[in-house]
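Presented below, as structure tokens, is a lone chain in the form predicted alone.
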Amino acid sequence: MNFKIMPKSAFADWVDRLIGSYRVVGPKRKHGQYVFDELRGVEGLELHYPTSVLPPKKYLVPQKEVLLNYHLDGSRLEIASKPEPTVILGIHTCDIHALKLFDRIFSQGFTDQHYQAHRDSVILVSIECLEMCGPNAYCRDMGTASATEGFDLHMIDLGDVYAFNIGSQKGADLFKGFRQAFDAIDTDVDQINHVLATKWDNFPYRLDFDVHEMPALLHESFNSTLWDELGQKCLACGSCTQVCPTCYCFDVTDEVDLLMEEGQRVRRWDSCQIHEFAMVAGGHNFRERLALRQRHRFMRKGKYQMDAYNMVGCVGCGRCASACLAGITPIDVMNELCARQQCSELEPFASVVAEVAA
């Protein structure tokens, strides 16, 4: 690992330098919660925050994005994506794992050129979490409470200084011309290792089973009566998927001006929990019941994504539990499935071990 050490007294100057060259965003307190928003300086930046309402994925997959501009007569058709170079500061490690999943999803088969354009323009500066985000987080269970890759820079709070693990050339370039960041020496590395080793006392396990058993547990629970029980509670509001860092379902619509001359093709976030999501031709809805939608959400996070990409589809951030108006939490749901299916008798899916451990 290649580390730089920066005194905290120099951090504000470094951020100001970044703002001079990039759009810089980071976690800020707003109406009693935390959101990623543009910075005008280090004032307002909250690096030690519980968790943000929306994950930083909104800068790579915007909530509303114009894909194409066109004339209806066919004389013009152009791609609209021209993202601004952006530094995202203070990303939690769970969100780094979520973006690693996005990198794999959007690059397989036909590469999503709009996502890739945003990804190429973004520099990810994450921060090591030294304590749990909140009562709904279970990142240690999911193997996402720390990160060794997926970032351009990774910050570790060492008290009076920040240590920066350089993960890419783009990250290293952020220190060019900045004379208050120094190469780490042996004593710095020893302190880094000590902080990383002692943090785990602050991260209790929350699930009653090992994450490697999750795909098998969900497979065995496909016909569980718990899904009907959740369906009776669910309000189908879609809040859980809107705040999820690994959800990427979207809808695409064409919006045409009143003169019927010009139009735009627009992509928006969508949710599998909304009634209309599974509506197809003829008025048939293949997930009419709320129980089926809840089952699909948990199967997608704990099994389908592992089957398709060999990566966890849930990073344990707990945002969905905090946002749910009906009090449905992944920890309670998964532990209840475990109790009903007797997890100790399940065989773990060996194929996901390496990726979760990473």
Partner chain sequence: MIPKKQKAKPRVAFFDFTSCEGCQLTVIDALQYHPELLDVIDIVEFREASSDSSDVYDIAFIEGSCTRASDEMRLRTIRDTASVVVALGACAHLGGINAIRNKQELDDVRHYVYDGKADWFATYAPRAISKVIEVDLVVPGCPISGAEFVRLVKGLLQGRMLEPIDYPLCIECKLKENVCVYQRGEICLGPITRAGCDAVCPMYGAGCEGCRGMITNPNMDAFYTVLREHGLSQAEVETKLTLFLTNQTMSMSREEAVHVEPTH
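Positions refer to the first chain, counted from 1. Since this is a predicted model, take the numbers as computed values, not measurements.
Below, we turn to the form predicted in complex with the partner chain, even though it does not appear here.
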{"query": "Any non-hydrogen atom of residue 224 within 4.5 angstroms of the partner chain in the model of the complex", "finding": "no"}
{"query": "Distance check, residue 242 to the partner chain in the model of the complex, heavy atom within 4.5 Å", "finding": "yes"}
{"query": "Contact flag, residue 271 vs the partner chain in the model of the complex, heavy atom cut 4.5 Å", "finding": "yes"}
{"query": "Residue contact check: residue 258 to the partner chain in the model of the complex, 4.5 Å heavy atom", "finding": "yes"}
{"query": "Interface stretch in the model of the complex with the partner chain - options 174 to 182, 200 to 208, 283 to 291, 118 to 126, non-hydrogen atom within 4.5 Å", "finding": "283 to 291"}
{"query": "Contact residue in the model of the complex, chosen from 170, 219, 233, 265 - any heavy atom within 4.5 Å of the partner chain", "finding": "233"}
{"query": "One residue of 68, 308, 323, 42 in contact with the partner chain, assessed in the model of the complex (non-hydrogen atom, 4.5 angstroms)", "finding": "323"}
{"query": "All of 18, 158 and 190 with a heavy atom within 4.5 Å of the partner chain in the model of the complex", "finding": "no"}
{"query": "In the model of the complex, residues of 50 to 72 near the partner chain [heavy atom within 4.5 Å]", "finding": "53, 54, 58, 63"}
